[in-house]
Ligand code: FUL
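For reference, the chain that follows is the form predicted on its own, supplied as structure tokens.
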């Protein structure tokens, strides 16, 4: 039996199963527009996860290797997968995506497709497998595992010819059948250019739209790992946010109809990235954004950047501007030449994780008395907003597009963060909402935002203290269906 086969069978059923929504099926609101698949729904709940950029670049002090690196230079003598994953978990990460092969073509597993791999390195006397050790450590510690496989390969002599596409798919097949469940498959948009190419040392260009045969390649992923989401500039499951700063636009729709940089069809490596941060309101595809950023200025470890690690406060700010705008937060933390995360990175992760848990560990509205101006019935009562479950929701009747909910906190409560979630399995329905607080015998505005989606965080300019809070739907394309409401005090 292939490793992970029984798991893949279960995940096949999961991915193919129809999405159930909150409340009684017969009285559920009709979905509005595009909605997530089961695999996307599961991904939305992860929110914060990590990249590990690690290859020969770590030892050559480069960001993009040329492809002519001697594999023997890869020798992380103190490599400890459990220590790496433990630090990521302390930072609140729910998964880890390993750069199994970057543009230099060096493979971190003993692939049968090329000699340019760990098999030819000094590490573990050529018997090591970084992919295996990271994937198993992630599984032991409860994190999901994903793979990054660069489509561009500056080492491979076949690159630019049809034969390479088969090699690429063979590498993908190895990663998706030998390392257990995969939650995300990541495809970079960098395609073609100068390279070693088996000694040719030349520039090779390819037709980004046709060369890789993306529909067939993605179908292979669906066959082998049906529960995995696929990321590229244009999905098909997760889109690039359009920058490497880790920031989504203040209005960020989960629906998106991408176009090429100069118009026409969009493909990996050719997309109008200026539109990616916002998405497309009423778009035809559910294609939520992923915000990638490195904890350091570079994506790979460089000794000179040890003093330039982002602080916990900076990471928290990025969390508000990614997860807090309905996207995900993909934080790169590159191992150093020892095969460990640097102490400065570990300390920053620890501080960030403490801030996350300290802020969102308790919903200060959890015991509030709730009253909605409109409800669809008992199955969709407003109390569902406070039960801590994404599977339940408050929903208004079809004709009520601008209802409100009042939360009586029973006592004066201080907070400065508001979290709202839509029942996204019914589509993205709300265009604009507001939060008011009871002050001096009247309602006073505290914050107003646009898109909600999977998660919207409203960080107030200063903490407020009140005994009553009101959530108002100011504008909606369809009657609102919300899964959660929470009040928090930032740690």
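Positions refer to the first chain, counted from 1. The model shown is predicted, which means the values in this text are computed figures rather than measured ones.
Below, we refer to the form predicted together with the ligand, which is not included among the displayed structures.
Report task. Would you confirm whether the three residues 41, 144 and 183 all fall within 4.5 Å of the ligand in the predicted complex, going by non-hydrogen atoms? Result -> Per the other structure, none of 41, 144 and 183 touch the ligand.
**Report entry** Interface segment, criterion being heavy atoms within 4.5 Å of the ligand in the predicted complex, picked from 101 to 109, 281 to 289, 405 to 413, 172 to 180
**Finding:** It is the stretch 101 to 109.
Query - Partner-contacting position among 320, 211, 218, 299 - heavy atom within 4.5 Å of the ligand in the predicted complex - result: That would be 299.
Report task. Go through 250, 362, 244, 166 and name the one with a heavy atom inside 4.5 Å of the ligand in the predicted complex. Result -> None of the other options qualify; the answer is 244.
Requested in this report: Would you please decide whether residue 78 lies within 4.5 angstroms of the ligand in the predicted complex, comparing each non-hydrogen atom pair?
Outcome: Outside the cut-off, so no.
Query raised in the report: Is there a heavy atom of residue 148 lying 4.5 Å or less from a heavy atom of the ligand in the predicted complex?
Result: Looking in the predicted complex, residue contacts with the ligand include residue 148, since a heavy atom lies within 4.5 Å.
**Report entry** Touches the ligand in the predicted complex: residue 53 (any heavy atom, 4.5 Å)
**Finding:** Taking the distances in the predicted complex, the answer for residue 53 is yes, it comes within 4.5 Å of the ligand.
Query raised in the report: Hey, in the predicted complex, does residue 188 get a heavy atom within 4.5 angstroms of the ligand?
Result: Heavy-atom contact with the ligand at 4.5 Å: present for residue 188.
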